[in-house]
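Below, in structure tokens: the form predicted alone, a single chain.
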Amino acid sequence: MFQAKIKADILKKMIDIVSPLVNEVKINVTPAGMSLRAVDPAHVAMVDLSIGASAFEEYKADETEIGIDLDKLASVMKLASSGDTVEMELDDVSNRLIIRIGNLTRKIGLIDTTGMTEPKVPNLNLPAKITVKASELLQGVKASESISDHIALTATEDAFELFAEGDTDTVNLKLPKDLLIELNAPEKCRSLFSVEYLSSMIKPVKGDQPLTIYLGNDNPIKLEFDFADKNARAIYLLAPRIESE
């Protein structure tokens, strides 16, 4: 059994977070809420997302799995206005997800989850923790997109820095500790990442919302943020690009 009502904006946010990496997902449903974990086809990035039952206006569920095509779900959610409430119900007989927005009803055929494995979260030792306003970081990443396909992130005890270098141009964004929400870097940490992936991960976090970054040396980066009034959380992992000597 699965019946729920949720604000359209929260469901749209979930799609925005996951769809840059994968089109098809297995959603784990429990009485406590919903969660999913997926890796992109290139095995460069992972998303780990959870939405607690308290994020919903109404929520009743047993333990089950829902395999869904995010493109189909996104096409339905385009019909919903900001502030609309979306009703969802699992039809076990027809293996469809019934979605109601106002007077509109759409039934989406579900995907077989049998072959959809659950990726494991690697155990990482990432010594630096930085919490920054999303808009600050996005500005630097956007500026880098036009000059390079990779970007270096560095954390020291005094500042967090972003640097990108192209054939002729460079971008440098340096945020001293007093402009950050939090900075804890017991040692200097630096890693190189894909601008395209990093950009898609930051875009769902709006304006001055806090985004927490865990950074190491030539290690994956971990990005973490809350949404739905802190009743939901998204975590990204992105593999580093190793610099050639």
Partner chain sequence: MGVNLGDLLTKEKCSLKDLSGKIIAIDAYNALYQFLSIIRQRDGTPLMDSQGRITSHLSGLLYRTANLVESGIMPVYVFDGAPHPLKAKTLAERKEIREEAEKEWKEALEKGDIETARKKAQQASRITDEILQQSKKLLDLLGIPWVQAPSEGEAQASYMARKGDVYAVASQDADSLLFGAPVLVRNLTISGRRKLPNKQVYIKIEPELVKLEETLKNLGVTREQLVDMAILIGTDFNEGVEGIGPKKSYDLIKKYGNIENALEAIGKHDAIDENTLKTVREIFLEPEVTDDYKLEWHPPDEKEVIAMLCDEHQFSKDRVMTALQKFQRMKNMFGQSRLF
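This structure is a prediction, so every number in the text was calculated from the model and none was measured. Positions refer to the first chain, counted from 1.
There is another form of the same protein, the form predicted together with the partner chain; it is not shown, and what comes next is about it.
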- Which of 66-74, 37-45, 51-59, 179-187 sits within 4.5 Å of the partner chain in the model of the complex, heavy atom basis: 37-45
- Query: Any chance K120 has a heavy atom within 4.5 Å of the partner chain in the model of the complex?
  - Reply: yes
- So in the model of the complex, does any heavy atom of P204 sit within 4.5 Å of the partner chain? no
- Indicate whether the partner chain has at least one heavy atom within 4.5 Å of a heavy atom of A4 in the model of the complex. no
- Query: Would D169 show up as a contact with the partner chain in the model of the complex if we use heavy atoms at 4.5 Å?
  - Reply: no
- Check D84, P210 and I213: does every one of them have a heavy atom within 4.5 Å of the partner chain in the model of the complex? no
- Task: Note which of L11, I17, V25, L237 lies within 4.5 Å of the partner chain in the model of the complex, where distance is taken over heavy atoms; exactly one does.
- Result: L237
- For the stretch 146-161, which residues lie within 4.5 Å of the partner chain in the model of the complex by non-hydrogen atom distance? D149
